[in-house]
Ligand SMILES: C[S@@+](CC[C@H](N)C(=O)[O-])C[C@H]1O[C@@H](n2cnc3c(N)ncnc32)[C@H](O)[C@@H]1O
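Next up: just one chain, as structure tokens, the form predicted alone.
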């Protein structure tokens, strides 16, 4: 199976394409388009940019290597967990092409058969309904969709404890639209499922890049932004470092972006992660991969060496 086959991409004639940010606010809530449904199953689709396909490519390349390489070593106790899952189908706002999102790409991947369970969490009930219906239509018995707000780590972790064992091996993908996932969630997840490879979308090229200069230079006016980023980083150290203010005043935003990532990496080290890799996706955001095991980083390096072109065989 090729990556193109896994995407199941088709043209959706109902998409008008080219909607700007203001127009998308009018017709979409949580990026779910109110004007267009899937041409395949008439369920909700998420409006995304062209770069989304590259993110899916990185994820499923790693998933294939991870699941195939580890299921026998862990007695088939491996699970996939996704937070901010989306409805399962996406639509490219520029071209009108519709394709499988991360959740369906995982479910239809040949290595899905090696999973004990796949658990999807989202805080949007419309998303939950659409993805649940898509799973049910495929008669998949070991995939489940739950309500999950990443600001409430207790509820998500309670559900994970109910669903999977602590001695399992887990791949967690967290896919927010900005840098607002509290670090407390990562700490809590690591406590309840300690064997956990993490992939998280860090919106360092969009949300962070737009706001960090103003936030550093006027910490009173932009206190809400600072509170969000401090929660993401698990502390105020980044903002209390006077060198970072100087960099903001000098417009050195790429240096600040790299430092922001480094603060995050250091805090992951504190909770047991040892190996890290940041991969930029079209300069919009970074996919951070973190693992406690050397084998995991070897798998990630292998997965990301395979360039995105839409035609390669999976892993």
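Positions refer to the first chain, counted from 1. For clarity, every value in this text was computed on a predicted model and none was experimentally measured.
Beyond what is shown, the protein has a form predicted together with this ligand; the following relates to that form.
A.B. asks: Between this ligand and 75, 118 and 170, in the predicted complex, does every residue show a non-hydrogen atom at 4.5 Å or closer?
C.D. replies: Spot residues vs this ligand: no contact at all.
A.B. asks: Just one stretch in 159-167, 216-224, 186-194, 144-152 has heavy atoms within 4.5 Å of this ligand in the predicted complex, so which one is it?
C.D. replies: Selected stretch: 144-152.
A.B. asks: Identify which of 212, 200, 84, 130 has a heavy atom within 4.5 Å of this ligand in the predicted complex; exactly one of them does.
C.D. replies: If I apply the 4.5 Å criterion carefully, the residue I get is 84.
A.B. asks: Quick one: does residue 102 come within 4.5 Å of this ligand in the predicted complex, counting heavy atoms only?
C.D. replies: Taking the distances in the predicted complex, the answer for residue 102 is yes, it comes within 4.5 Å of this ligand.
A.B. asks: Against this ligand in the predicted complex, would residue 136 count as a contact residue? Criterion: heavy atoms within 4.5 Å.
C.D. replies: Residue 136: no, not in contact with this ligand in the predicted complex.
A.B. asks: With the cut-off set at 4.5 Å between non-hydrogen atoms, does residue 206 touch this ligand in the predicted complex?
C.D. replies: No, residue 206 stays farther than 4.5 Å from this ligand in the predicted complex.
A.B. asks: Does this ligand come within 4.5 Å of any heavy atom of residue 124 in the predicted complex?
C.D. replies: Yes, residue 124 lies within 4.5 Å of this ligand in the predicted complex.
A.B. asks: Using a 4.5 Å cut-off on any heavy atom, which residues of 26-51 would contact this ligand in the predicted complex?
C.D. replies: If the 4.5 Å heavy-atom criterion is applied to this ligand in the predicted complex, 26-51 yields 30, 46.
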